[in-house]
Every structure is written in C-alpha cells, then in structure tokens.
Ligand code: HEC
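The chain below stands alone and is given as structure tokens, in the form predicted alone.
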C-alpha cells in the first residue's frame, strides 16, 4: 500500500510540473499477477519472493525489443533471439551493435522458468535477471553501458510510466531492467508441439516419427543391436527434454579444446569443455547446433552421436560406452530420429503475439 501511494504521489507531482501533459489518468503501480500458461508442466522453479505481474512482463517485453539498449541504437535482444526461429539466431555467431561477432552460438530462449542451474553456455550468470544485463555491456554484443541506457530510457515518458506501473516509481535502474526482462523471458513457454498433442491423444505420430520416438527413449545396448536405441533421454529427458547439467558431449579431444566452457567459470579440471545441456524443444527451428554452431543440420548432430564421439578427459561416461561400436544406427534409424525431433516443433510458440514486438 505504501508503494502504491508513493507511486501515485510521484505521478501527481510530475503532472503539476508538466502542465502540457495529459494527466487525467494518473499512472500508478499495477500489481496484477501474471499467470503462466504452464499446461501439464510442473510448477516453475521460482523463489518465494518472485511474483510475475502483468506490468513487469510488459516492461520486460518493451526492453527485450528496445534497440536503445545498444551503443548505436541498432540492436535489441530480439536481434539475436528472433521469435520466428525459436528465439535463437540462425547465424553461427551473432553480429554485435558495432560489427563485432560473438564466439558462441546464441542460445534459444525457451522454458527458462524451469532453469535453476545458471545461465549462458557456461552457467556464469546466477539468475536470468543478471544474465539479461550482460549482453548490454559486452563489447562484442551491444557494447553499451547500463548508465547510458538508463539515460536514454529516461528521455522517454512512456518508459518512465511503465516503470511506475511495474515498480511503483519512475526511477530507472539496471536492477529493475534485469528483473523486468527476466519476467518477460519467463513467459516464453513452449508446450504445444505435435508431441505434446500426441501425449494427450490429440495427434498421431507417423510411422517414422513413432520409430524415432522409440529410438529416442530406448537405451543403447552394444550386446543386443536389435534392441539397442539412441539413448537420447540420458541427457535430454523429462518434460523439457534436458537435464539442466553441464556436460562434455564428445565434440573434441583434449588437444583440440578451443573453448573450455564451464571451466572458465569454475576453474575445476573436471569442467573443461563442458557446456549446458539445452532443451530439444523447437530444435528444428534453432540451427546451427552446439555451443560453437559447428553443425548446420539435425542429421549432422545425429551422425555425431552415432559415429563421431571424441574421447577426452571429460567426455561423459555414458557416451564413452558407445565409442567402440557407435550407436549402430542405420540410415533409416537416423532419418526416423530426426523425424521425431521435428515433432517437438511448436508453431504456436513462434506465432504467439504476446511474445512479439510491442512497438
């Protein structure tokens, strides 16, 4: 209640100082809760202090699409995380505001409300609010400062009004920006793919998709090739098709490590060349693949796991068990597996107007 009254007084005072503005409807704090459409998913992972509101989500959406966050006012978060491609970048490395290129593939923003083990490929950000502010100050990305962004936003009355609605006053801070962008990205939920409809009896899988589904969820068994599967669920299980861990998936031998991944954050030897295991939802829409975007197609990804696992000091033990024989997948198996992966595409996610630019 105190915050509500304070926000009202701030706006009332500003009206007296700016007689030219239409102040017939004072802007006040709006604490209307935002309900996440989680469907059959479990409750999201949030702290007891975390409450989504429609005003904070709306502000976060504005900031996500705001090019003033970049040094040349030419790039927003959406520049590298496009809705049409599952909030990812189809380029191997994203081009920044000043023409520089990043050194890792832009991660897709999907179902992050269920992530509780760090953000970025190496997990160096403890929260989504913290993560959302880092591209702004990265010289390879937006190449701006938080102070400059705040100055630019302060020149726009619409932003000051939205900060009042979201936080109760018009003070713009980096912390508030991060919290708002976190709330918007929490709403980017994908749970309406063909596979989701199959699970509730509203869709049927083709013969190829069904064979791929069986392969995906079946364990590898080198002693019984006829019954052996691709064992994808080992790392990409559960409702979100990931395990929220950091793993080395056998891309390189030790001598060929060019990016040490999580090791750069933890300095632990066992974390060398380990990267976040990402969701497979909308994987068809989000090429290229891996932290360095080395694979352009899903077929290349499947071939990697089938016959090209590299042995290193940190390669996951489950993958090491396949190196003597490979996964023993036939060409048809590979094709079927890709067919199943494409059933995880959610067309409604990439066309949802609630996720698009508000401008």
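The structure presented is a predicted model; accordingly, all values stated were derived computationally and were not measured. Residue numbers count along the first chain shown, from 1.
The form predicted in complex with heme C (HEC) exists for this protein as well; it is not shown, and the discussion that follows is about that form.
Original post:
Exactly one of 164, 285, 113, 106 has a non-hydrogen atom within 4.5 Å of heme C (HEC) in the model of the complex; which residue is it?
Top reply: By the 4.5 Å heavy-atom cutoff, the listed residue in contact is 106.
Subject >> in the model of the complex, the one of 76, 228, 83, 191 near heme C (HEC) [non-hydrogen atom within 4.5 angstroms] >> reply: Comparing distances to heme C (HEC) in the model of the complex, the residue within 4.5 Å is 76.
Original post:
Is residue 249 a contact residue for heme C (HEC) in the model of the complex, using a 4.5 Å heavy atom cut-off?
Top reply: Although heme C (HEC) is absent here, residue 249 would touch it in the model of the complex, with heavy atoms inside 4.5 Å.
Original post:
Heavy atoms within 4.5 Å of heme C (HEC) in the model of the complex: does residue 169 have any?
Top reply: Looking in the model of the complex, residue contacts with heme C (HEC) do not include residue 169, since no heavy atom lies within 4.5 Å.
Original post:
Would residue 68 sit within 4.5 Å of heme C (HEC) in the model of the complex, counting heavy atoms only?
Top reply: Flag for residue 68 set to no.
**OP:** Tell me, yes or no, whether residue 262 is in contact with heme C (HEC) in the model of the complex, where a contact means a heavy atom of each within 4.5 Å.
**Re:** Judged by the heavy-atom cut-off of 4.5 Å, residue 262 is well away from heme C (HEC) in the model of the complex.
Original post:
Can you pick the stretch from 219 to 227, 96 to 104, 200 to 208, 151 to 159 whose heavy atoms fall within 4.5 Å of heme C (HEC) in the model of the complex?
Top reply: One stretch meets the cut-off, namely 96 to 104.
Subject >> Interface residues of 318 to 346 toward heme C (HEC), as seen in the model of the complex [heavy atoms, 4.5 Å] >> reply: 319, 327, 337, 341 sit within 4.5 Å of the partner.
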